[in-house]
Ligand SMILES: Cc1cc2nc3c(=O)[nH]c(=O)nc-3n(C[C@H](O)[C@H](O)[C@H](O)COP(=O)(O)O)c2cc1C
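One chain comes next, on its own, written as structure tokens: the form predicted on its own.
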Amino acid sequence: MPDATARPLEPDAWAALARARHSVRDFRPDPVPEPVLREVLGDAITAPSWSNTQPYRLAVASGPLRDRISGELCARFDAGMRARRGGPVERARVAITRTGLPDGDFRVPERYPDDLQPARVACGRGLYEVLGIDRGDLPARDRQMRRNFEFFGAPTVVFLFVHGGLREYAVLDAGVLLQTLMLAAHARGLGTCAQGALAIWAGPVRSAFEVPPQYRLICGVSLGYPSAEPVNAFRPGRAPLEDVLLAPRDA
């Protein structure tokens, strides 16, 4: 582990690292070497947390375990899509068997609050333009959504659980951990994609790991080496700082 008293990164180097990190949506199949993966995870858990409680747990899947979880998630997604796009018979089948219905620990929003919806729509529109998917091409949109559960081809996926007892504060700490993990991966030439969609179905993940009952699945992170596919050039940009800063009230 690096010396904690070592000289910090130069500001320009830090800015370059933070600004260059981006979501990767297509990965090469090359496995992540175990020592590199452990370095990334080791850096991630240096993140600060509420009273140093580290109210989160990580579940890491590679190889056959990764493939098994992906297969189960894709099967649930396919069943849900058959119900959504199909007729009354398919909807009735899902209602009876419950296959494809979300069983996540948190409800993943399908529509964002009105003031956030424009940014979400702009991001989705830009991504589909890069992918060459027309707005009305529902099969292509479904295939792209399914890629979430294939982990975009990444050889490794990390599932993030938060302690239910600390509620929002556990989620806050998990976000700090998540950013630290993604930057640590980027610094080693790896790509990541944080995916709330991977929390829609918790069952396949819980059945693969010994998860304490007080921990709840909040998201997953696909991790691996980025491919050269054009989708990885997509950059949605960020709002200007002035849009994020709150103005003080008049005295």
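What you see is a predicted model, and the numbers here were worked out from it, not measured in a lab. Residue positions are given as counts along the sequence shown, with the first one as 1.
Keep in mind that the form predicted together with the named molecule is not shown, yet the notes after this line are about it.
(message) Among the candidate stretches 44-52, 194-202, 207-215, 65-73, which one is within 4.5 Å of the named molecule in the predicted bound form when only heavy atoms are counted?
(response) Heavy-atom contact with the partner occurs in 194-202.
(request) Look at the candidate spot formed by Ser23, Asn148 and Pro236 and say whether the named molecule comes within 4.5 Å of a heavy atom in all three of them in the predicted bound form. (result) Heavy-atom distance to the named molecule in the predicted bound form: all three under 4.5 Å.
(request) Heavy atom within 4.5 Å of the named molecule in the predicted bound form: which of Leu166, Met81, Leu178, Leu131 fits that? Just give me the one. (result) Looking at the other structure, the residue within range turns out to be Leu178.
(request) Consider the chain as shown here, without its partner, and state which of Cys123, Leu172, Leu101, Leu138 has a heavy atom within 4.5 Å of the named molecule in the predicted bound form. (result) None of the other options qualify; the answer is Cys123.
(request) Using a 4.5 Å heavy atom cut-off, state whether Phe161 contacts the named molecule in the predicted bound form. (result) The answer is no: Phe161 has no heavy atom within 4.5 Å of the named molecule.
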